[in-house]
Every structure is written in structure tokens, then in C-alpha cells.
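Quick setup: one chain, the form predicted on its own, written in C-alpha cells, and binding and motion questions come after.
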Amino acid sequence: MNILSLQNIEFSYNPKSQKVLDIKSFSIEKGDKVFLYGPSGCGKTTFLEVIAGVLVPQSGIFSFLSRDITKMSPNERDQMRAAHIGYIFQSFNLIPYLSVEENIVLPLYLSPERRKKISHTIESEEIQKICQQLGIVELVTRPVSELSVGQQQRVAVARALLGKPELILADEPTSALDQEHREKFIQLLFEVCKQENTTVLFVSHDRTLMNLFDRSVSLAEINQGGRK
């Protein structure tokens, strides 16, 4: 079963500019681990922002969890994203003056629907479980500003996964790591996602990672936009 499907999607930042995205067909099945690759500037982040409902295509159909995102209001898209999507940013986007635990629980405050997936009485147990899996349980009270890059990366993953989102979007989160640590990080991400059958769309320019995934897709092959 497809968790998301795009048909005849076109997007440009203004009507007079060249189309950044022109995608005839793209879909992901629930539970898949998909690697989307392409060089810098080819539209990967724009593509993720369309998937997340941050950007709305000018034409086409985008179905996510059997709902057409293009028909939603901005508020509905915000609620959908907060409830069902975990986002791992390249720069992690952690709040430096908050502790590890305070950063991790932020999605639950942004989405009542996501918070309902976790009983209030076991919320701390869920945080403990995810942190244990990611090897950061001893860091929960520390400010994230005191952590290494690798530790911050794991905090970002914990935040994205808390509340059982159906889809994880990862925008080049391993760019600051060496090859060995990149592969270890991805395997760890997969281990945690496997328990909830969470779908992963991982975007990177580093094609050496592609063999770790169920499926690899070149954005250039599915996207007619940006071509001269």
C-alpha cells in the first residue's frame, strides 16, 4: 500500500520562473526505506518540502495517507505534518538552550494528535526507550549545546520518531559524518524505524549510501523540471 503518491506534480517559485519540479509519477509504499539522490541544487530540498506540505505544487495530485495534500488549507497541512511526519534536518535545528529531553518532546506539544499516540502515563517511558535505542539515555538532562555532532544527530532522530509518525523525511543528515559513522547512523535509524514500520525518505548527494536502502531513486530521472 502506498503511503504517498505524486502524479503530474509541477512546482515553481513564481509563475515566470522555470519549473523546479516536474514529476509525472512517484510513490512510496508503507515501510519502505527510499534513498533519493542528486547533486546539490537539483531540487532535493524543494522536493522534500513539497512532500512535507510546506510548499504546494501549482498542479498535479499529491496523496499522503490517502488524502490529497493539494486540497488542504495551510492550517490543515501544518496539522498533517506535525501529526504524521518526522523531519530530520541537515543542521538538526535543535534549540540550543533546551535540554536533550526538552528538544525531543517538542513534536508532542505541536500536535495533539501525535501526542494521543502516546499515553501521558507512559510518555517518559517512550522517551527513555527511544533514547536507550539511540544511545543517548545518559544525556537527557544536558543542554544540546554541550553535545557532539554525532550526539546532536541522535537527538534529532529521537525528536523525529517520538509520537510514532508514519513518515520520516531526512534531508542530508549525515553530511557532517565520515563514511563509517554515516553507515552506522543509517543502520541505527532503520533499527528504530523497523519496530513501528515507519517509512523513510532519505535525501543525499552521497551515492555510496544507496546500497543500504530498499530502493534508490535519482531525482534527475523522475524530474523534468530545471532542465534546459
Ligand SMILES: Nc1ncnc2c1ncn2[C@@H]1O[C@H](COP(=O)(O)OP(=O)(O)O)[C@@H](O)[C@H]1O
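Numbering starts at 1 and runs along the sequence shown. Because the structure is predicted, anything quoted here is derived from the model rather than measured.
Absent from the display: the form predicted in complex with the ligand. The rest refers to it.
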May I ask you to choose, among Gly43, Pro165, Pro57, Pro173, the residue with a heavy atom within 4.5 Å of the ligand in the predicted complex?
Gly43
Answer with yes or no whether Ala220 is in contact with the ligand in the predicted complex, where contact means some heavy atom within 4.5 Å.
no
The ligand contact at Val20 in the predicted complex, heavy atom, 4.5 Å
yes
Counting only non-hydrogen atoms, the one stretch of 185-193, 65-73, 156-164, 45-53 within 4.5 angstroms of the ligand in the predicted complex is 45-53
